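A single chain, nothing else alongside it, follows as structure tokens in the form predicted on its own.
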Amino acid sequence: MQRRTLMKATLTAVSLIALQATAALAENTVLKIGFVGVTSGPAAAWGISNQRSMETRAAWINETGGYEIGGTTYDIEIVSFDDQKDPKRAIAGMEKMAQEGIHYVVGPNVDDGAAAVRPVAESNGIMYFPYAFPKSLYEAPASNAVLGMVANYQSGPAIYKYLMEDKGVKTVAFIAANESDPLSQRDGGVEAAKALGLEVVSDNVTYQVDTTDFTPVLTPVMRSRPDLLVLSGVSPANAPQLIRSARELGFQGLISTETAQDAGVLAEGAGDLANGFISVGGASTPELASPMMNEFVERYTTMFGEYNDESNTKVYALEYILETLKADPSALTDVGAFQATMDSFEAPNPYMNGDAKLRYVGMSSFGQKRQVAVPLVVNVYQDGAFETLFVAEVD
């Protein structure tokens, strides 16, 4: 009898603890923010950085009491969907977000996916923050997409101009995967290079994304003897293979890309042969990083056991969404209010030292504010890590 009483008391105590924990979790209303992007395959590093950045920041917000919007405190829940770099799956992912009543989504990570989900987003009142470059997504009459990073047609000219002035680059060759995203980025790069006065010596060589031997692909490009080889839209998985093949063919010039890369993947796949490789980095440097950015990096690393420099950029999308919702709480269910707020929106940038602001830009490129303002940080890879080459801004 005493044993039954003890067991009953124990179960009652456990039940009370569970109820208290549930009550504690239920104290705040849940605000769901979506992510639709690639987290598997050769381009997985792009989407994984997105998802992990969002999850790190959401956990941090929830741990510290939630996020207040219009007098209500919210716990942030990240709802993720791996589109596997497939436009059809991206559509399915965005439809899932609509079914769950989610109005704000980060992603997709590539041009095809971002274009494919546009009808679903617009018909279901969803603002989405792609990491994709087609101007048609951000120019009127389009209104629901916000570019989450610096585009290749913004970073490319900055890189080429720097290399012309600092390294004496006069000739350039482009190589791209035979897919719409890289080909589009190649065409934009060629146009920018010519506008700056560079001589484009090769711009028609392509490769299949599943290529394993790049020597025959690169051989005709190497014959053109460029000062700069641009790997247009290259995925983190293909970059080290292309770099290794170019160097083993004797290429001693500069190699660059306008896509973000993973230092660990470069180290594993190309080693010291990747030294000097130039790419777009995360929107921070040790000098720019605020204490909050440093804490974000620590929390991210603790959660996932590693850190991707690109997350210095990817941390921003969720922050922009929440801060804009705070500026006009009616936007929680009305993306029209969100869009109206964007034109005059401004808030302190918690991730940068000084008086930097969160604000929307893009007037020069799109004719309307459909881009988040993040610094353009250009990196050079050296001995297993990225070093800052230069920092610029985009209007």
Partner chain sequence: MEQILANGVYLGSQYAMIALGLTLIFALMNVLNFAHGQMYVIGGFVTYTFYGQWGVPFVLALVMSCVTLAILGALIERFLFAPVIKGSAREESTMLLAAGIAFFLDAVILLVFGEKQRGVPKIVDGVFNYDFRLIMPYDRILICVLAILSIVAFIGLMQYTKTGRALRALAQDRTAAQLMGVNVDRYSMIGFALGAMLAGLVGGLLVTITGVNLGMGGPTSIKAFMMVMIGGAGVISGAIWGGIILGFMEAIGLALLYQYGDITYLLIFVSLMIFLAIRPQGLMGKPWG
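These numbers were taken from a predicted model, which means no experiment stands behind them. Residue numbers count along the first chain shown, from 1.
The form predicted in complex with the partner chain exists for this protein as well; it is not shown, and the discussion that follows is about that form.
Within 4.5 Å of any heavy atom of the partner chain in the predicted bound form lies no heavy atom of residue 198. Within 4.5 Å of some heavy atom of the partner chain in the predicted bound form lies at least one heavy atom of residue 265.
Within 4.5 Å of some heavy atom of the partner chain in the predicted bound form lies at least one heavy atom of residue 216. The shortest heavy atom separation between residue 56 and the partner chain in the predicted bound form exceeds 4.5 Å. Between the partner chain and the residues 44, 358, 61, 327, the one pair within 4.5 Å by heavy atoms in the predicted bound form involves 44.
Of the candidates 331, 342, 33, 48, 48 is the one whose heavy atoms come within 4.5 Å of the partner chain in the predicted bound form; the others do not.
Per the 4.5 Å heavy atom criterion, the partner chain in the predicted bound form is contacted by stretch 303 to 311, the sole one of 116 to 124, 134 to 142, 303 to 311, 150 to 158.
For the stretch 160 to 183, the set of residues having any non-hydrogen atom within 4.5 angstroms of the partner chain in the predicted bound form comprises only 178.
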